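Listed next as structure tokens is one chain, alone, in the form predicted alone.
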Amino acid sequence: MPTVADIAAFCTLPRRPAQPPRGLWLIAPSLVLAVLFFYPLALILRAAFGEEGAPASLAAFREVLGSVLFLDGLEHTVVIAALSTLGCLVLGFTLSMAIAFVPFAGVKFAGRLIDAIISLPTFLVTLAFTFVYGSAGLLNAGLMREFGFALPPVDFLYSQWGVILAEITVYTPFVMRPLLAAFSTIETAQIEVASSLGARPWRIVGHIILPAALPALLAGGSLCLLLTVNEFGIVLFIGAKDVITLPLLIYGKAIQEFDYTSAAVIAVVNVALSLALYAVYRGVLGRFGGARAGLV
């Protein structure tokens, strides 16, 4: 039986303070999400289905989604996002292989530079492109001075291809980061053995490097596709003629034309497209593992 000393010692043991229910920890973040995200989203949804006080209707959806302006915006959005993502994958894979498997001075600096580029705002790259490739940029000014051209000979910047090139430049590091993480797991001994047995470089890439990089390629490509679909600053800053994407179309309808109903309809479509791409992105991470893809 416990003695009096045992009972006294037990009573003097420090006790843990009472912990509040776990549900209380969710109240504050839930309120923040409700005020900053769900309430504005609900207002957009309500505006898309008609003006306040009027019965909900799909008339605005039928009018906007059937318009030539919306269809052109959707086409530009999809084409620019797809080509930009493809360019990011090709360029990112090539540069990542060079950094990971080709020894050169400054390889660590190149890796740090990739992280630095990711942190930069997108308009800086667009501004640099304007200084170099713009109508009054360094390239055109030099060509006009040297060869006597009356008009700037390089004018791709203010087209759809200028937007694609700028987005490739901005978002390629988002592919390179997971690729470099994946390449760090490849044993160099495998490459050395394959090379000593007579395997050509393309065979080594196809049978050793590419299988290891596939999860990172899919995850990085999905992320790039999601980001390029919603890109607004690059398209607006370049000012490409007749290149209107969904984000730019929302801006024009809401800010310039004060047509909030049409802007809300397009915003709902853009949100739905973004959520679908995000589901694909999360599915890729779940299928192959975020840790393997170097994204967690």
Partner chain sequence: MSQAQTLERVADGSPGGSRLAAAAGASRIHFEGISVTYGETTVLEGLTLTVNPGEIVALIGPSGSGKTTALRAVAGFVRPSAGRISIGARDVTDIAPHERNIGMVVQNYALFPHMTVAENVAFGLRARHIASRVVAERVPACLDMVGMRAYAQRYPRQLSGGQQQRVAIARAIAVKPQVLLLDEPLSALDTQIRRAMVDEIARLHRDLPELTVLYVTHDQTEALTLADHIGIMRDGRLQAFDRTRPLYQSPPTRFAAEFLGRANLLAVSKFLPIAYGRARVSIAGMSLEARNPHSLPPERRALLCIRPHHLRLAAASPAANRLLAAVESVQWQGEVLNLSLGIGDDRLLMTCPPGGSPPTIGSRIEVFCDPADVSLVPEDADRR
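Just so it is clear, the model here is predicted, and its values are computed rather than measured. Numbering follows the first chain given and starts at 1.
What comes next is about the form predicted in complex with the partner chain, which does not appear here.
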The partner chain: the contacting residue among Pro211, Pro153, Pro121, Gly142 in the predicted complex [heavy atom, 4.5 Å]:
Pro211
Selected contact from Leu113, Val193, Val90, Ala128, since only one has a non-hydrogen atom within 4.5 angstroms of the partner chain in the predicted complex
Val193
Heavy atom to heavy atom, is Lys108 within 4.5 Å of the partner chain in the predicted complex?
no
At 4.5 Å between heavy atoms, is Glu75 in contact with the partner chain in the predicted complex?
no
Please determine whether Gly198 contacts the partner chain in the predicted complex, using a 4.5 Å cut-off between heavy atoms.
yes
Distance check, Ala189 to the partner chain in the predicted complex, heavy atom within 4.5 Å
yes
Contact stretch among 142 to 150, 201 to 209, 94 to 102, 155 to 163 - heavy atom within 4.5 Å of the partner chain in the predicted complex:
201 to 209
Listed by sequence position, which residues of 67 to 94 have a non-hydrogen atom within 4.5 angstroms of the partner chain in the predicted complex?
none
